[in-house]
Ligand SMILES: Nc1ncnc2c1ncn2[C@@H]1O[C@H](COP(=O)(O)OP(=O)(O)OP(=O)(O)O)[C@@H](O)[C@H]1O
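The chain below stands alone, shown as structure tokens; this is the form predicted alone.
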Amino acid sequence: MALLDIHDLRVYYETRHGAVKAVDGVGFSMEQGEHLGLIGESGCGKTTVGRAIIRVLPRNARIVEGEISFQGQDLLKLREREMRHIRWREIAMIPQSSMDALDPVYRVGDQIVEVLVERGGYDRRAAWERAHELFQLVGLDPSRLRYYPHEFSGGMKQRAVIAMSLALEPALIIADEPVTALDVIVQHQVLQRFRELQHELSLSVLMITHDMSVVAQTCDSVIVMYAGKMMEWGSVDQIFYHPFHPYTLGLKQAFPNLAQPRDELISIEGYLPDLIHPPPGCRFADRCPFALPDCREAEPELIEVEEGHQVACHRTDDVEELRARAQEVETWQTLA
């Protein structure tokens, strides 16, 4: 039985102009101990997927359809009281900004102890002992438990939030852009420790990010999302070294690496489609330099192109040609 199994998830945001189809038919599974990355640019729906799992969506959002099975239990059928038992104990979330996750008027240690007492049933003495263990685990001096958040650096705050997420030893951790606000050196330090914790504690992690380097450093498998849809799903090696979807090819060309000088980076021109009235075909078609008429008329299904590797594209048979052309700046400039 999979740890997490999602089927045909659809989450819409109600606006005065109509329903924004932020997540529109997403489905995937995670095994115990798996580290799965969910990547894509801002607005693709990846954070909405994470928040739908623990049911902490904004008031104007509604889960229209789908099933979210966690350890064999459909989370969408649980009452709020039952979901409260799941949060922190079974599923914990590392939010995008550690500044927003920590209450500025309470000492950091008190906030961790509160989680342990209120959600974990610890007495206060045992909770403080556990808080000491957690700070040591993430590489922080336990004496800093008595400090306020403003007395922590950005990297220290992020480590503290990671410690809080580990407090009750959840079966699944959802990490939503956990290092976005940090400089690259601190990012590396935090991710290095997080990766060590993944293996030391056999953590199951859903890593939500727009940064391909974070996925490469922390994940085993990857789902590429665009405009509420899954474009590609496979192992890290398959996605990075044998991508099929043009959007994945574009993301790779837009991402800096040591073998590719900065002035050769290629951006994907254009914008996300209107998700109130999404196009009938592939949602990436208007930004895709390889789009054919069929791409704009018929939505491609997610098909398996090799073992463990699925892609939603009409041009999988032409992938070698597409990979070669995707490396040329002129290919992507034709859309400008």
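So that there is no doubt, residue numbering starts at 1 and follows the sequence shown. Since the structure is predicted, the reported quantities are computational estimates derived from the model, not experimental observations.
The same protein has a further form, the form predicted together with the named molecule, not shown here; the description that follows concerns it.
Participant: 22, 319, 9, 326: which sits within 4.5 Å of the named molecule in the predicted complex by any heavy atom?
Facilitator: After the contact test, the surviving option is 22.
Participant: Taking 4.5 Å between heavy atoms as the contact cutoff, choose which of 279, 43, 66, 33 touches the named molecule in the predicted complex.
Facilitator: The residue from 279, 43, 66, 33 that makes the contact is 43.
Participant: Thinking of 47, 96 and 275 as the candidate spot, does the named molecule come within 4.5 Å of a heavy atom on all of them in the predicted complex?
Facilitator: Every residue of the spot touches the named molecule in the predicted complex.
Participant: Only one of 25-33, 66-74, 52-60, 302-310 has heavy atoms within 4.5 Å of the named molecule in the predicted complex; I'd like to know which.
Facilitator: Within 4.5 Å of the partner lies stretch 52-60.
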